[in-house]
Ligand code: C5P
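What follows is one chain in structure tokens, specifically the form predicted on its own.
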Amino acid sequence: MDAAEQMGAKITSGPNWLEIKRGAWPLKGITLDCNHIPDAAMTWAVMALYADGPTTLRNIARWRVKETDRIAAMATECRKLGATVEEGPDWITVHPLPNGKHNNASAQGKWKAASIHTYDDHRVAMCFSLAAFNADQVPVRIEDPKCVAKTFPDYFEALFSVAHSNTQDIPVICIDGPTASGKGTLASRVAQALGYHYLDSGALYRVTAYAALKAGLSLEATDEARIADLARTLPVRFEGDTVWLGSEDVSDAIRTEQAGMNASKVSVLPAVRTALISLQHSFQRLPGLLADGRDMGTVIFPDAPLKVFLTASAAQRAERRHKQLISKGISTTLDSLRADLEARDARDSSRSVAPLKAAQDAYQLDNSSLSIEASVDQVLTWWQAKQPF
């Protein structure tokens, strides 16, 4: 706390809490003997990037013999961000970077987008997350964020719960495609790889149809207004592979073939689609979103920086769905599945509101003969090209 106050932070505290507010800005460069706080002092090395002059941390020889050589690690990663750094056997000096309209003459270089190597060190990962708040809005990637599990497994979840960003700055990747193309599996795998939130928009329509039938409504246009009213306040949430409707786990109930047909029926109702738009937008939260469906890139997130249209032949999709249902003990035939898929494709493609089609700027990905791993790698490659570090 004392070091943060020296740098200009305003700190108030109670028996079991701290409140830290911005005071001086830019922060003040300091020289600090860190013998009594060697581990905590790593935070000041990143805070030094926001100072009005160089910050020197002394008596940190123990950094050299921790999970990694932390002096070398902090120096290397700060330089990736554009900072000038000097280091010695038991000290490090970090020069600041420009900080928006408060740029100062002593600032060196400029902020650079960087992918921060964490060295399997939880403190490196947590400290460098602070670099993401730079005024130039350059992206910062933390490699292997799960290394924080040693001391604070939910660190990044906690960070994003208190961080705020303009919605348009939160990245979205859209994966659209026809029924049984594998977009849900692909989207969830990519979301897991990037640490992003996941939106299965198709599940929202399945849940809407399920809730409507449970409320005694038909899925026809005669009940369109009432279904739309229900959809506006749909208490749905995703937790891993589990889909909740209020306190009810509806994961299995909405994954049947009939549930899919019911979802297709309600999805053609314009008032229902309008009612679900704001609900889908609410999933766009830090650090980013993977959204899969049929109109994610054309209607819901038209400005998404990466859009993928996933396709596969009807025969291949029917075979995949057949294996999936047989594994669950559900009897069906390939011919009937293919007929159902082709009927749903026709209905989804010809509906008057948000028909199934690829966005003009979408990448086409035919996964008929691709493994899920190859498909994931392709999307990540496209994303890397869009968001280079």
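Start at 1 and count along the sequence shown; that's the residue number. Remember, predicted model here, so these are calculated numbers, not experimental data.
As for the form predicted together with the named molecule, it is not shown, yet the points below apply to it.
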Would you classify Glu342 as touching the named molecule in the predicted bound form, given a 4.5 Å non-hydrogen atom cut-off?
no
Can Asp295 be called a contact residue for the named molecule in the predicted bound form at 4.5 Å between heavy atoms?
yes
Indicate whether Thr179 is a 4.5 Å heavy atom neighbour of the named molecule in the predicted bound form.
yes
Partner contact for Gly82 in the predicted bound form: the named molecule, 4.5 angstroms, heavy atom:
no
Option from 212 to 220, 194 to 202, 141 to 149, 83 to 91 whose residues, in the predicted bound form, bring a heavy atom within 4.5 Å of the named molecule
194 to 202
Whether Arg189, Lys307 and Ala362 all lie within 4.5 angstroms of the named molecule in the predicted bound form by heavy atom:
no
Under a 4.5 angstroms heavy atom criterion, identify the one residue in Arg351, Lys66, Lys28, Arg338 near the named molecule in the predicted bound form.
Arg351
Which of Ala263, Ala312, Met126, Ile71 has a heavy atom within 4.5 Å of the named molecule in the predicted bound form?
Ala263
